[in-house]
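Okay, so here's just one chain, in structure tokens, the form predicted alone.
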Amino acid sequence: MLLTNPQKSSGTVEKKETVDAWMTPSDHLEDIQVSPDGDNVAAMFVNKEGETQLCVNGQRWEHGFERLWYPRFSPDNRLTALAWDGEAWTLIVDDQVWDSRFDYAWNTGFSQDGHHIMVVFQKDGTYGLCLDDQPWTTSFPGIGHAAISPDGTRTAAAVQMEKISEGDIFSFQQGVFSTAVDGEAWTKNFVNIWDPVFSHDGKKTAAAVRLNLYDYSVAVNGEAWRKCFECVWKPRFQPDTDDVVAPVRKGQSWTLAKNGNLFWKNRFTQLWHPEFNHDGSKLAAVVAPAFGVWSVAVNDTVWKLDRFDAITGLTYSPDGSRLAAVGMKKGRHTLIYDGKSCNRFCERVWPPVFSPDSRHIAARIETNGRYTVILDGRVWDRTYDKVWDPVFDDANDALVIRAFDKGQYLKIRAPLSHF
């Protein structure tokens, strides 16, 4: 049954939960999370005995723990949390506890569809990844930059292959870092390694690598490009070919390289965050044509924008034809898309969200210390204590606003015509 919000006649409240009523006066609210579909709201709070509890839509989880941490909903609307259970850490998913136990666990990650869940762990002084309650059979002296394949069946991370003392510069320069995929390390070590990524079919892995004190490159399945550069950033696989591109520094400027060869002709003071659209026909990156001046380049063509101090949150539309981002100027943020600025500045704008038909762009924003959403440059006329990213319905005619205000969670269906 739909509830009409008396404070806003142009939106329909589809769900309302009074979160404050779930707690006693002595409870302390630590975190609140909302599922992607907006139907489930979870509150994590600490009671007067110091125990952490989770409550979902007014129902407390059956299992109790001394400590819960990092509650997060998966893309398929399951609630996860790291839990301290019996002198060890584990993961709990929709009130079901994993069998695996660790000395420490962190950075819960999900596959794109949410069906697979990963955590980073430390146990007995070594580190690894655990996917769907199955830990790596091999663990390492150090770990960082964990990644999960798009289909969620494989995991990878930058790992330290041997333990060395802090002052052992000679072993460091010989290379003690590699990438481990499903717990099996590449056969070659590097001086440093960062940001492993999977190809779209999960069969290949690439990472930025440091070959020695001065030279950097990209390695694919453990084999470094033949050419090296003064620096590199995180690589990307091209969806339609599995070629690898990465931002590289050559001399005093940055550009993009593909499979080790310079790819874009333009040179920039800085270039990073390259992103392909879904079919690989477009490649965009955040670029600085001059020092302190930021823009976006698509297929090596720079958008002609007014000066921005920073740009982030590159997002393609579902059909891949449009591109949006967040621009920052003089401490204020706005949306930019299709080479133009929205020019509606506020304190903060989160990465944009496109409608399924790619026609509309929305984002959550902060304005005057409160939170709301913006659609195609028009701001929703009610603000809240907290707002999550907006969600378009499948019919492309309404925006679902997930908001928390005055102790209540509200799922609001806002017709696009009412903005």
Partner chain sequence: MTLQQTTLHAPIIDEGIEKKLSGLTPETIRTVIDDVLSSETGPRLKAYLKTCVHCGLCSDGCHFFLSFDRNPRYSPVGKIKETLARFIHDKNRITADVIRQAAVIAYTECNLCRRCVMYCPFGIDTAYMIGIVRRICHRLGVTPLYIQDTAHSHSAFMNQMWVKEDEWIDTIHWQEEDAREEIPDLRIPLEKEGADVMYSVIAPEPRFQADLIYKAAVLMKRAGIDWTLPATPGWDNSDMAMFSGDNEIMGRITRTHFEAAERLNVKKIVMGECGHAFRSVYDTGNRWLGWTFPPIPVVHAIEFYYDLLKTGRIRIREKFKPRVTFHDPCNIVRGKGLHEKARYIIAKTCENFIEMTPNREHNFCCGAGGGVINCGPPYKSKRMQASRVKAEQLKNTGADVVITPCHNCHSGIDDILHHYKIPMSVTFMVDILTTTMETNP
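Values in this document were obtained by computation on a predicted structure and should not be read as measured data. Numbering follows the first chain given and starts at 1.
What comes next is about the form predicted in complex with the partner chain, which does not appear here.
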So which of 338-346, 258-266, 197-205, 167-175 is the stretch with heavy atoms within 4.5 Å of the partner chain in the predicted bound form?
167-175
Give a yes or no on whether each residue among Q160, R210 and R307 has a heavy atom within 4.5 Å of the partner chain in the predicted bound form.
yes
4.5 angstroms heavy atom contact with the partner chain in the predicted bound form for Q252
yes
Close approach of R359 to the partner chain in the predicted bound form, 4.5 Å, heavy atom
no
Answer with yes or no whether Q270 is in contact with the partner chain in the predicted bound form, where contact means some heavy atom within 4.5 Å.
yes
Is the gap between G280 and the partner chain in the predicted bound form 4.5 Å or less for some heavy atom pair?
no
Can you pick out, from F190, W186, Y216, W225, the residue that has a heavy atom within 4.5 Å of the partner chain in the predicted bound form?
Y216
Checking Y371, W61, F354, F65 against the partner chain in the predicted bound form, the residue with a non-hydrogen atom inside 4.5 angstroms turns out to be Y371
Sequence-ordered residues of 358-389 touching the partner chain in the predicted bound form, heavy atom within 4.5 Å
R364, E366, Y371, K386
